[in-house]
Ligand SMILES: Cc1cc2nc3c(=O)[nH]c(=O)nc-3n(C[C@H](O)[C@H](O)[C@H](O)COP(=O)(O)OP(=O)(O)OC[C@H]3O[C@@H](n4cnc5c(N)ncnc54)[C@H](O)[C@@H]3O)c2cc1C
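Single chain ahead, written as structure tokens, the form predicted on its own.
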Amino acid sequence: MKIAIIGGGVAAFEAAKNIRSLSDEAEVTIYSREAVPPYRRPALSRMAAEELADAQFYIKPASFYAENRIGLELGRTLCAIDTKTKTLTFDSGVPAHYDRLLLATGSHCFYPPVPGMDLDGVMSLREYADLQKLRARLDAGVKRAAVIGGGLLGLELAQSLLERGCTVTVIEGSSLLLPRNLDEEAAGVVLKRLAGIDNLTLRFGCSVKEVAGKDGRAVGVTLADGTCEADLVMVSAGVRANIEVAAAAGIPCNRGIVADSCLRTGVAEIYAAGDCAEVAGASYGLYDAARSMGSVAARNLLGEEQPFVSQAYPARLSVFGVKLFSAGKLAGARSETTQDAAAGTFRKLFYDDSNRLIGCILVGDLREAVKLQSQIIPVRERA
């Protein structure tokens, strides 16, 4: 049986690895449009400031794929899927055939629909090729940077840019810091820790009107309430699933490629996993979720009926000397807060009306993180 996997992220890797561990007979091939083997995508922001060892960046060395008889076709961009003949068409013009197909095509950065996003100097950091372009910019001496989007990745990127000698302005549309990962109380605690960092400006509740340019190059960002000078504008304003090829092939898509709990799409023998998948109406866009989906997809591609079960996937961040962890639902019937300002620690637990733990936030001291995550009541059990 020929199993084709489209994508080079953690979902694709986990699927291929688990297929091989479960079956000696299946022929499995990963087709990735990137030029490098699967890597830990969250490490890209860190790599902007420092070179990580291959063992820290790549999920497995290149030799792993040959040793485990996993085909690895790099630089292969999927152009079309013929679901009737089970044929894949790539930009190289060389087709491939499959018996079963896993779409793990990932996602791309969302660019706000404002003027100037096509200027030279406006970039995102989503793939290894983006990292190479960013490093070239920084090596050329860029000194003023703006980051549009103050989420986890935006803050990690801001730290790396500061370490490379830039002055950095982070522009966030929400009035709160990390609204998806912190409640208002915790956000206030973390913001105090970030205040006063040299060459870092955090602007909240700001609406971007345009990226200003001169001679085709970005020179700043125009906001509803002012301007920000910048030779480099990094966009970190969320992602959108890569669904275009699937939709053109007649595979049902919504925000993502629509899949059931067993990751089956609306077309026989085709499955979806990772950032591109919309599973039972939910899109995750999380590394840990993609990894879990890849493992589940492997079993189902081999004929099992194992459902993907969502967990309390955590958010982790370590920037500017501040460490935080959050998981689950950050609101409930009641909450408990403990704080030690001198030690720089904050802990908040959220409970439902049956006194069951449904979420947590930790700042500074993360030693309880794994234990608390394991105690959080899964979403499916909260009703």
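Just count from 1 along the sequence shown to find any residue number. Because the structure is predicted, anything quoted here is derived from the model rather than measured.
There is also a form predicted in complex with this ligand; it is not shown, and the following applies to it.
Of the residues given (S295, S310, S107, Q306), S107 alone sits with a heavy atom within 4.5 Å of this ligand in the predicted bound form.
This chain lacks the partner; the member of A218, L78, L177, V279 within 4.5 angstroms of this ligand in the predicted bound form by a non-hydrogen atom is L78.
Candidate site formed by I6, E34 and R41: every one of these residues places a non-hydrogen atom within 4.5 angstroms of this ligand in the predicted bound form. For the chain shown alone, G285 is a contact residue for this ligand in the predicted bound form, at least one non-hydrogen atom being within 4.5 angstroms. In the predicted bound form, this ligand lies farther than 4.5 Å from every heavy atom of S326. Using a 4.5 Å cutoff between non-hydrogen atoms, I171 does not count as a contact of this ligand in the predicted bound form. Mapping the unseen interface onto this chain, N242 counts among the residues with a heavy atom inside 4.5 Å of this ligand in the predicted bound form. Judged by heavy atoms within 4.5 Å of this ligand in the predicted bound form, the contact stretch among the candidates 197-205, 266-274, 226-234, 161-169 is 266-274. With contact defined as any non-hydrogen atom lying within 4.5 angstroms of this ligand in the predicted bound form, the contacting residues in 107-135 are S107, L125, R126, E127, given in sequence order.
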